[in-house]
Every structure is written in C-alpha cells, then in structure tokens.
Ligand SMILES: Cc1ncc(COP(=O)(O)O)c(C=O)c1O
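There is one chain below, alone, in structure tokens, taken in the form predicted alone.
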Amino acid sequence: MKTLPATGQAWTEIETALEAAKARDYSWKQGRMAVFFYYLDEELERVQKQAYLAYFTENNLGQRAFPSLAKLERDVVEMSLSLMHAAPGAGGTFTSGGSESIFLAMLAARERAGRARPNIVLPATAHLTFDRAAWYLGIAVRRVPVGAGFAAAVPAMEAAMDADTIALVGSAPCYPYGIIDDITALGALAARRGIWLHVDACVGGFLSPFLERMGHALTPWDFRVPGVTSISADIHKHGMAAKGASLLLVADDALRAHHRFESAAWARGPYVAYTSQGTRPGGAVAAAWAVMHHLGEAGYIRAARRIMDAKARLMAGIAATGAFDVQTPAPHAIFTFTPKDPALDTGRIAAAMDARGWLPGRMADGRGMHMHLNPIHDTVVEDYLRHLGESVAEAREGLRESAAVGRVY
C-alpha cells in the first residue's frame, strides 16, 4: 500500500516522477486518440493555463467574496446564450461538465413536474449520462430504438410517453453517430404535452454555430426551435476551454429555480447553490472566459474548418481502402465506419492500431469503428490512414489477438 512520504520532495523530483507516470499514456498532442481531449495549438494551451492560474485559488462558490468571478461567469453564459439564439430572459448555470449539466436539467424537470413516479423518454442513442442522472434522481428511463439514419424516432417516443413522463431528450448531435435528432418535431411534441425538452449539445454546442456560419446546413437544434426548454453544452469540448467547464442553458431564467438548493437549517446562515458542487474552481471559469475572448468567432470558425477538413480527408481515405463502408452523416465532428467483409475482425484492427500508438474508437456491436475529431487531427490524417491500412493487412493475416471492445469511459 502506498504511504505518505516521511519527508517532502523537491519539485524537480516530483516533476520527473509525473512525467514518468505518463509513459504509457496515449499522445493527445499527437492526435493519437479521438476521445477525452480537445486541442488546438500551444498558444491556446498557454491561454488556458495562464487564465486558470490567475484564479487558481479563488472559489467560485463564494461569489460575494469574488465578484469578478460572478462577472466572468455571467459573461460566459451570455455569450453562449447568444450563440444558441436564446431570447431575452433566458439564463444559464456554469457547471463542471456535461454530466452535471444533464443532472441539473433532469433535476429541474423532475421538480417542475412534481410526478410521483417520473420517467423520461429518449432515443437509444442518447448519452448514458441520462441514465446515471435518472439513477441518482429516482427517475425511470425509457429508451426508444432510433429510426432510419440513426435519428430519434419521434412517433415511437410519443408512444412511449404517459402521464408521468416529465421530459423528452434529443441529441445535437448524438455521440455514437454524430446525428442531430429532429429537435423541431420533439419541440412540437414537448409543447403539445406541456413537458420539458432537453437538447444534449454537450458535443455540438460550441461547434454547430460555427459550422452554420461556414455554410453547412444543420438540422435545427437550439433555442430557435419552439419547445426547447434547456440545452447542455460543454465549453471544455469544442469550446476549447480547460476541463471543468460546461453550461446548462434554459429558455427562461426562472427555470433555474427548479435546480436551486437553499437552506438555513444550521447555525452558520443561509446556503444557496445552483449546482451539485460545493467548492467550484474559479480557474475553470476564468479559462473559459479567456479562451472565448482569445478565439472569438473567427478563431472558432478556423478550428471548425480544420475539423471538417480532417473529416473529409479521413472519410475519403478510409473509403479508398475498399475495406470499409463509411457512414456519412450531416456535417459534424463524428463519423463511423464498418468493414465490408464480415470476416474482417475489427478487434484485430484495433489491436494493431493500438500497437502503433493509437487509441481506437469502437462501437458496442464490435464491428463499427468510431471517430470524434478535433482540430489537431488535421495534422495526422496521413499517419492514421497509413497505419489503418497496415492494421487491416495484419488483421487479414491474423497476426494479432482480437481486442475486446472494452469501456468507452
């Protein structure tokens, strides 16, 4: 069992140990994986770190003590509401990540509805974070198979609803396939039934607005759609901020009261919180604010253009091997591909890619392979395609053991 050192160590020794600990990690700076990281360049990384360090000690729970953090958080929320076409009177909460944003949305939906046995209805492609939130909150989950093209089957979702349904969920886009659900139809259904509609834009919230500015036609997904109650959007994904930065945005600021905790049931005085956290790192807010100001619309468009360029080149290169069928969804950062030959084992391909330093994305069916791109991937397209070709050849020859799908997270 590891024990606390008897005496302290110098930073140089600690730094060496930390670098050594990373020896077996996949290289995110070299674009060797398609999950867990979002990277643009060293300049933006410096902005992230310096802004975070500027508020390294400040606690965002104590905004009365640190009014600057209240101002920075308000700016981030307002800029994001503007990007997602919210009307005057909308509001938002800065959270630690998509999981917390979704948790707060489901909490608010439950509290507003006041049902004894609440349930939520969502497409089978919705993120499992909804199931986790529902587990915490005592909400039943009804997952509905998707329709053609992997989009939410809205009539089937309506059929799954009953008097205790408190919320519908749509993805923009869904993580498995990069498909934006028919939020317009879901919004109409939610409005007709008088319930909450949450749009999970954790992946797309800070990419979709700039794809639209580039001329890509996206399925309507944000507050422009009547019936959308809330949107989760991760700034630490395609918003390119330091980790620990997401938003729950609501069409009406008054809805935040449904995920607000307040109590004076102790000796110290009233306690009020809109998040599930207590202490909240001020650095995450400062870094998000700094990154958004550093990039501006032009910077985000440049990042989006790099993503779409990498995607086009990768999809074309993968198709050109002749070994795969490549899914071609509407423009977004995610796509999948599947071997044409049923005998071609993607587990062996994954093992061969892993041996070359890549963390391959796999689908639950064991056949599909998954890519989620960010700007740095435009620098590794040729390496990826070359190694994929070599890995396919090895898989055909049976040179490696087949790797199990394993966990996504």
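When you see a residue number, it is the position in the sequence shown, counting from 1. As the structure is a prediction and not an experimental result, all values here were calculated from the model.
What follows is about the form predicted together with this ligand, which we do not show.
Candidate spot 97, 200 and 236, all three touching this ligand in the predicted complex (heavy atom, 4.5 Å): Yes, the whole trio is in contact, each within 4.5 Å by some heavy atom.
Within a 4.5 Å heavy atom cut-off, is residue 173 in contact with this ligand in the predicted complex? Looking in the predicted complex, residue contacts with this ligand include residue 173, since a heavy atom lies within 4.5 Å.
I'd like to check something about residue 127: if you look in the predicted complex, is any of its heavy atoms closer than or equal to 4.5 Å to a heavy atom of this ligand? Close contact exists here: in the predicted complex, residue 127 approaches this ligand to within 4.5 Å, heavy atoms only.
State yes or no: in the predicted complex, is some non-hydrogen atom of residue 102 no more than 4.5 angstroms from a non-hydrogen atom of this ligand? So residue 102 counts as contacting this ligand.
Which among 173-181, 105-113, 321-329, 151-159 is in contact with this ligand in the predicted complex, heavy atoms within 4.5 angstroms? It is 173-181 that comes within 4.5 Å of the partner.
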